[in-house]
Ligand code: GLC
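To begin, one chain is listed below as structure tokens, in the form predicted on its own.
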């Protein structure tokens, strides 16, 4: 609670971590609201309201909302220039990209946790249509082939920023060498962060989007990065399920429920038909630009468990793959990338470390399929990592890593690590 309270800002939002992340991030705020709901429901509501207030007129919710002029983060508002899009928020500066759509299931979790159900449902009734409009935006603008699978146009939209999954796409690109001042490496060891050349790729994709005023049709036509991501789509499907259930509680919302069911049916079928790799025993990303699957296993490969996407038989295959590749007795579950791969890096952001938000989703997903022992292992590993290494952003999956004074990596006193630990300890 002390971590969340210290990171809460006067503007009605919580920063992920002091110094490194001075603004409001979309999926961070969702996970943070879950933790806040256990002891300060008013703050949890404000967290969600502040994020949704930054929604664009077309339903888009940006991945970063720049509530102030803090210059300790790059790239900031002056680089992203969200005002280039004619329907962007007139009140808030933001990025022109998004993050996994978690707000549907976050509202459901807040309702589950809230002691005053009637009051919480009243809040949900006031805000749920914004989440619905966000989903409507995705299906209308990010599914060019009408497959029920939406694309991301930037690796930052995935939430798994520098995953080795993207390495194959960087090989298809040759962006300019940009001149800029990194701010993240003044807070965190550069060995734990993406390289300068990786940032050139990141900035180049944004420049293309900016050149076309963040127009989705032009991005779909021209962006060198266009990916159907299993994590992103699983979060959309999980949030669809939550919206259907919440609209049922609200009542008299049959038309919206029917629309979501239509989206849901197509999404789950498309997901299982296109993204499951039987030879790998896992779900994989699909490179929509280059028309081929990206055949690597990451923690995102198991996220469909959280959304109820695989059959029980397929879930058993997923869990076996997880245990075989990620679950050695010398490791904590669940590394963010295949520890058997030559691309694995135990210390570097999304190239191998354990993330508490992913473990939280996997814990509930495994429980829902009745893999109780594995679920408990993931929960216990998460708690042990925080107790052992601190409230950090991400953690070494190796139980012994040779570090004499071991800590976690990335930002310290990290908000979603604290928020989701609160939830895990309550369950």
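Just so it is clear, the model here is predicted, and its values are computed rather than measured. Positions refer to the first chain, counted from 1.
Separately, the form predicted in complex with this ligand exists; it is not shown, and the next lines address it.
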Checklist entry - Any idea which of 244-252, 134-142, 323-331, 153-161 reaches within 4.5 Å of this ligand in the predicted bound form, heavy atoms considered? => result 153-161
Item to check | The single option of 60, 27, 392, 66 touching this ligand in the predicted bound form, heavy atom within 4.5 Å | outcome: 27
Checklist outcome for this item: Heavy atom within 4.5 Å of this ligand in the predicted bound form, from candidates 349, 276, 202, 306, belongs to 349
Checklist entry - Taking 4.5 angstroms as the cut-off for heavy atoms, does residue 228 touch this ligand in the predicted bound form? => result no
Item to check | Contact of residue 408 with this ligand in the predicted bound form (heavy atom, 4.5 Å) | outcome: no
Checklist entry - Using heavy atoms and a 4.5 Å limit, would one call residue 13 a contact residue for this ligand in the predicted bound form? => result no
Checklist entry - Quick one: does residue 88 come within 4.5 Å of this ligand in the predicted bound form, counting heavy atoms only? => result no
Checklist outcome for this item: In sequence order, the residues of 29-44 that place a heavy atom within 4.5 Å of this ligand in the predicted bound form are none
